[in-house]
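Only one chain comes next, encoded as structure tokens, the form predicted alone.
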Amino acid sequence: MQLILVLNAGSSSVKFALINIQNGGQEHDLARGAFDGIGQTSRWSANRLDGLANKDITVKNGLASNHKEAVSHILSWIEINYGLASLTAAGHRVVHGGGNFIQPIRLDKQNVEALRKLVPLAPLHQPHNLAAIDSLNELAPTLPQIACFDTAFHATIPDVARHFALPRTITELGVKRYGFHGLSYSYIANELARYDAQLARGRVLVAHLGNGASLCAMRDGKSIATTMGFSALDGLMMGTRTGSIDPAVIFYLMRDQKMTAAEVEAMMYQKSGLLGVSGISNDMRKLREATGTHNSAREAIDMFTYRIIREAGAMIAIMGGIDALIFTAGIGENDTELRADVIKGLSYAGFSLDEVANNSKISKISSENGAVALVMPTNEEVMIARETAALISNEQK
């Protein structure tokens, strides 16, 4: 048995999970929680999934003024409920592994410094991932820490898809497509193999549709193309991000509208997408509710759907056809109307919707006579726990 602490640190939050990996590979969630609003009025929630304890409280401003204090709070809760000595290791979601880290790694001083050099490639994510790593190293220095990378699953993408049409000197600086959401895609690839091993060996398109959104084309369970590129800004329209955009728009905003690089970056990452187009929200549920009274809400949804269908067509072409389409993540798992619209848009590829299944949360939502469409919940925390436990086990052999 291995008890794995999973940490996923963002700019103002640290999410955690405690996952028990049994001998034989069975996983059991013991607890999940998060510290949100770091440096502001924070909200701490922690739930034991065995039902023995629940905590969900708002805490005073300043209780967690940084990631170290948030991690300390999480460790204190674990100590009270399970004991820190019961932990086997901690697994971290690290957004960027660059070109060298394509497998989970044991974190040591040298590796952490190498990851710090990748901050320019993911300036909005990597520093916060590293803050949690640094904090845990100070607070629990004997606990093994493992980094699991969002980019690693896409290491199998061929160079013809990975490289931009830039001078080689720029490509050699590391300016290339890396792809993200890899932990989610890896989990789906594993689960699909359990569901239908033959289907998993075929041409599979996975749509990870949430506040962040992307597509991944897989063949034999491996990534061969994805819509996100050098950054998590590329590809599909998202909750607050533009997705793909003509680079000349940036030149125009900076040159003619006198916006700074920081202002353009903030707009494209935080003020665009569903939120920017609708002017209402980045929450698809709220936009659905607003379509009767706000044309901009309908426009945002239609654009989001259009971009999925358009990019899916490119992925299908790269795969030379398609055997299965899988919807996952918050919007993909829960928005029945979006799934119906996407499947309708891909009818040329052999998809036909089973409306009853789609509205009943049954995993297979395609009709019998056509390409397979599935809804599969993703679980990045479990994937991190699996990778962490496997690395620790291999070290002990």
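One-based numbering along the sequence shown. The structure presented is a predicted model; accordingly, all values stated were derived computationally and were not measured.
The discussion below concerns the form predicted together with a small molecule, not included here.
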Checklist line | Contact check for 211, 329 and 335 against the small molecule in the model of the complex, heavy atom at 4.5 Å | finding: yes
Margin query: in the model of the complex, is there a heavy atom of the small molecule that lies within 4.5 Å of any heavy atom of residue 285, even though the partner is absent here?
Written below: yes
Item checked: Location of the small molecule contact in the model of the complex, chosen stretch of 277-285, 195-203, 243-251, 117-125 [non-hydrogen atom, 4.5 Å] -> 277-285
